[in-house]
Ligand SMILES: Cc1cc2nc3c(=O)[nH]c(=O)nc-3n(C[C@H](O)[C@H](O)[C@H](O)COP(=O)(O)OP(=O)(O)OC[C@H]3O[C@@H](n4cnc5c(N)ncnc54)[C@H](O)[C@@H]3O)c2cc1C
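As a starting point, one isolated chain is supplied in structure tokens, in the form predicted alone.
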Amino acid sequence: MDYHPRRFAGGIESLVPTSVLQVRSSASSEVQSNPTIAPYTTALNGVNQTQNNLFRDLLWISLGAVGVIILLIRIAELAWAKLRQVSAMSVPREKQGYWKISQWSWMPGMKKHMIYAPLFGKRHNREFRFSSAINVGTLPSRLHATLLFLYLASNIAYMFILDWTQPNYYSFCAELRGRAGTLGLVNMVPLIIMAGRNNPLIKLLQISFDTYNLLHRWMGRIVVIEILIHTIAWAIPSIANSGWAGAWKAVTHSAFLGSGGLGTLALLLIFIQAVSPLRHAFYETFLNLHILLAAVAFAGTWIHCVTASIPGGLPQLSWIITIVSLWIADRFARIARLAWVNWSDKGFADALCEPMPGDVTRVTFRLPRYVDIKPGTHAYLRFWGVNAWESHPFSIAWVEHEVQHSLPSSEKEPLTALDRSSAYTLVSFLIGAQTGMTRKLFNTARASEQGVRMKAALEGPYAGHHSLDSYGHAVLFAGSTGITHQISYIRHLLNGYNEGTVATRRVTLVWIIREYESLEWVRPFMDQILRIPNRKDILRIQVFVTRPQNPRDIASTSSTVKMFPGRPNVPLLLAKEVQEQTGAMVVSVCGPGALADDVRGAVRAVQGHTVIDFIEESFTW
């Protein structure tokens, strides 16, 4: 037989495939659904919903239990502080010895080693910087780190309490998918609550927004990781069942899977852009994208729950409705607060912006209504024509009220009465020029020696839940523009001392500034403070100028107001105050992170048998 190659090739080309071969050929180009895998790619097949609901309840109960415990502690603290205030406000300083001594021997040690302790060493609020442009943020305190660790550990435990004996690997993936998705949405509820400026828990539990912001960041990271696990646990059986092409086709042709994928992508982008160096370097861009991506994630999650093949949607549908409702409620509350504070029948709010030495802008808002503002509060400010879409928090330094008609409306009305219906509220801030909006604001104000008046809006006031009225001794540290937080307390305590409504018998202000000219920032406010009757009885002011042009020019002209060149020795200064302690003592600090850490360390060092509490005012982001 002739086996010529060309003849053999021609014979093959002439062959016509049979019908069986045609069926096999077409089947080989498309992956067939596997009955042992396909059910676990959709619906609640393989999902242990009973355990999911159990761990949902455990997580919410544990969060609620922590909240209740903190609430009970706060109620006890407030009751004790009120008792201390009422009993001490009418007695001389030497009669406050009972309140000076700690009534619980274990409390000073708890403050030193847990409540006020940094995570490691003494560094807490001083930022870690690789360069002037790269900032990786701050460390949580030891107490915060402990709470975060316990919360993370509980999430890990709930995530991986699974049926590890399950022989079907894809059924196991389905169980993991259901657990991760459930925990992700469960954690979204406190995540949104803690992100809101109008979070009712701030006032109820008297925990600062800064602390809630810290918890929000870490909860956000937990949510993103859990949603990623949820997505990967779906992808593994889906790809095994229909291949990469089939899985992609399912995502792009299904509203249920496509919306879930979109929500996951939005959360992943939030996770990436929230990395500390990126967040700090481009904060305004981060904030705007953060809000937009959060809205996309919520919308995707809602559609994902609604379009499920299960009648009535996924069981988590009511949760995402609650989450979106809370998010929208906070936005509406902010809009309502803005409208109420900045507008009345007397017109709209405006602000006088005055340039000050040291690249600082003194801003005085004129609000067209009477607003009661407590000491220790802050507000978010917007300026028309100066990046009006941005709002930044600043401590409120000074508050005054003025009326359109100063004469009484009747003979019986005293001349000192304030007609709130016709009153305006003047609110003053000190804003240091850094970059972005604050620098642009200073440059705008510097265009005129008398300052520039412009349309502006104030959102707030917020915070103000720290009362110093029950302390016999207050030591207030301020660094640079941090004086705004402390000066509001000084006036309040001096007036309370004269009226017999506070227990305070000694106030020491320590203010650290770079240049002597910085005194001009608060000159109008300090002039009023120094004219308050009996202020020499309780107020001592120490000003440290770290970069004086001539140290010899830094001279003290009063026994109660002293100036020094250089930096203060914070531990030595505080130890001297403790030696002369009057009643219960509170130490407050507002300023750069390095100063706050020094004061925190000094407060921990003097914890002994006396009552010494610590309050730190900070805005970390």
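Computed from a predicted structure; not experimentally measured. Heads up: residue numbers just count along the shown sequence, starting at 1.
One more form of this protein exists, namely the form predicted in complex with the ligand; it is left out here, but the text below deals with it.
Peer 1: Report the residue, out of 97, 357, 109, 436, that has at least one non-hydrogen atom within 4.5 angstroms of the ligand in the predicted bound form.
Peer 2: Selected option: 436.
Peer 1: So which of 432, 315, 140, 548 gets a non-hydrogen atom within 4.5 Å of the ligand in the predicted bound form?
Peer 2: The residue from 432, 315, 140, 548 that makes the contact is 432.
Peer 1: Taking 4.5 angstroms as the heavy atom distance cut-off, pick the stretch from 282-290, 71-79, 217-225, 490-498 that is near the ligand in the predicted bound form.
Peer 2: Going by heavy atoms within 4.5 Å, the stretch is 282-290.
Peer 1: According to a 4.5 angstroms non-hydrogen atom cut-off, is residue 394 in contact with the ligand in the predicted bound form?
Peer 2: Yes.
Peer 1: Is residue 616 near the ligand? Define near as a heavy atom within 4.5 Å, in the predicted bound form.
Peer 2: No, residue 616 stays farther than 4.5 Å from the ligand in the predicted bound form.
Peer 1: Under a 4.5 Å heavy atom criterion, is residue 469 part of the interface with the ligand in the predicted bound form?
Peer 2: No - in the predicted bound form, heavy atoms of residue 469 and the ligand never come within 4.5 Å of each other.
Peer 1: Please check if residue 540 has a heavy atom lying within 4.5 Å of any heavy atom of the ligand in the predicted bound form.
Peer 2: No, residue 540 stays farther than 4.5 Å from the ligand in the predicted bound form.
Peer 1: Which residues from 68-101 come close to the ligand in the predicted bound form, meaning a heavy atom within 4.5 Å?
Peer 2: Nothing in this stretch is in contact.
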